[in-house]
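Presented as structure tokens, the chain that follows is alone, the form predicted on its own.
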């Protein structure tokens, strides 16, 4: 029901910093600007589910609050359905927000918590009752309408908070880490509920999380943020398979991508790297990209995801000593020491072979160069981003 456009949206906080000191010097306050969000630009389509993903302090919640009207925009422009919203009060933006801590009124029943936001706008009590009960039915909390929040579990409280938002039938649904207070089982359950919910209500979703699983399973598109800046925007599979930078590559994926310092060097027939004592020829795509730099020796970071590593007990190109192995039920995660570098490999249990994964055992492993990523050692950028990955 709504598109959202952010054009170079910036938020700057000013904090006081004490300077000076000593017995004979006066303490003075120095103003320091902290850029929470810098030049955030994006077009969010009608009914799209967009996830803002990043570590704590990266600016994702601040961005959400600017869309909601809870934070002023210092620079840039925000449009909802092509209408400039910079100076529009939050109550007039037709957005609803679900907070991390539920923010329920403890003295009110579940019914009254959900009805509170619409009673002033809808004088007809029967219509209010209909909307609340409809939302409660969608969320599976109809039997709790007469209870107080303290009588509910965490997952039930979060459903009430979501229900309070959807009874308003908003154009935009904003969610700020709504599942972070739930245990793992409830988080999985609520993720499924959110996927069902988005198909049943006509709203544009903007969802904030630091949990990559939530981002990858819920989002039509994911915005990866760091230090107030957008690192990459794309569909979940695009971000996973073609990360723009080393930060994105290591932030997405569990277990985390292996990263190994290497140097590319030029020979007459192309570029090569030396990896754990083995000289490997880079493919045409990498060599073509590197040749444009007009350098003979280029420091890089090589990335390889654990699931792309093939383990065996003999015959693999590289050799490593098992440090630990983790059995997670459906997979085995093996940590190896390879010439002082820790390499992590992941194998699904169903593909497990008769290999000794015990500590101090020696394993051989290999991987295809078509599965590796090469990042500039200084900038951290994927050297073939936008071109493709591999050979």
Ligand SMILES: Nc1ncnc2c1ncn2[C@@H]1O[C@H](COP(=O)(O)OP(=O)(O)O)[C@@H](O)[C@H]1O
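Positions refer to the first chain, counted from 1. If you're wondering where the values come from, they're calculated on a predicted model, not measured in any experiment.
Another form, the form predicted together with the named molecule, is not on view; read the next lines as being about it.
In the predicted complex, at least one heavy atom of residue 34 sits within 4.5 Å of a heavy atom of the named molecule. Heavy atoms of residue 51 never reach within 4.5 Å of the named molecule in the predicted complex, leaving it off the interface. For residue 345, no non-hydrogen atom is located within 4.5 Å of the named molecule in the predicted complex, even though that partner is not displayed. Under a 4.5 angstroms non-hydrogen atom cutoff, the named molecule in the predicted complex has residue 58 among its neighbouring residues. With the named molecule omitted here, the record of contacts in the predicted complex names 58-66 of 42-50, 334-342, 58-66, 355-363, defined by a heavy atom within 4.5 Å.
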